[in-house]
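Starting off, we have a lone chain in the form predicted on its own, written out as structure tokens.
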């Protein structure tokens, strides 16, 4: 009988538990050791042999019998050191660690290549949605130049609930925290860090150029209001947190995360609650969208186990396994500064209901080379202020920011400035 492939699992949280339960269905795979923070913590996992547990991950990364190390603890440390040590000790790696890949991917892939080992990370981008393997294999013949994605279930859940229930952000966030969709400290999700890590990695793979995370523009959802949701709907849009990456004709990369008014005709407008989706555009494939569960025990475990099996199938077949899945980019992308980008904008302004106020706003915009697609005054409040909603045509970001300063200097309050899908 063929020897079993031995796995070392670092982390037995939600995803780790799903991986353990799923791997029980495969006769050729054996989990040899599991590193956890607390060995004595009660775990309701059927079939778990507590003798497999250790609180010393070095027992995994230095164990000569283990073939594949699966890292599921997240964060930079100790994950980086553990993966680096595992590679040096001849282990292939499967990880779901988007932060590590975005911040220290260049280092970790260099170590992997030095020791002729593979790092697979399908679960790090969109949970259960297969995207890395398709991009590196079946879509390898394409020139992909545009990505738009919803890759954070927490923010998508919050925005969907705000839309459906006409609720304010703070109220929905509290509900999401009670349900476990949002962390006690939700900063990583709601401020767009999580999505930024994911789009930086996905764009690096797709464009075959390294995207530095510090050059990814990031804006979260904390300023989105119920009033913006209603206005967007009236105008034919939904508001989503979009992670996007675009490669222009000069080979420069525009990579960012921010809220966006997405046309109701777009597929992404109908990706709701915790569902994720990734849309790719290129030649010759055209445009495709992959959607599904972006997080959770078994959806994410699906991607992790898929990576494990991909490596397991190649072990002992070649001196250089899975060449298509290895890091092949060494060039840093030239990045486009957000101020130099061209966008359409939704602007919500609270202005004193004086004669000529709309004309003044229009003049400020015209003086900054901003054409208006629509401008609507919605209501007058008891304090004699009016809510004015503006949609612009395409305009340079720098011009838009300068116009906003003058609109506010004229005594108006800009409640919201949100980019619009083109």
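Numbering follows the first chain given and starts at 1. Treat the numbers as computed from the prediction; the structure is a model and nothing was measured.
The same protein has a further form, the form predicted in complex with a small molecule, not shown here; the description that follows concerns it.
Residue-level contacts in the predicted complex: of 192, 153, 259, 105, one residue has a heavy atom within 4.5 Å of the small molecule, and it is 153. Proximity to the small molecule in the predicted complex, defined as a heavy atom within 4.5 Å, holds among 338, 309, 295, 112 only for 295.
Under a 4.5 angstroms non-hydrogen atom cutoff, the small molecule in the predicted complex has residue 98 among its neighbouring residues.
Contact annotation for residue 198: at least one heavy atom lies within 4.5 Å of the small molecule in the predicted complex. The stretch among 164-172, 346-354, 145-153, 309-317 whose residues place heavy atoms within 4.5 Å of the small molecule in the predicted complex is 145-153.
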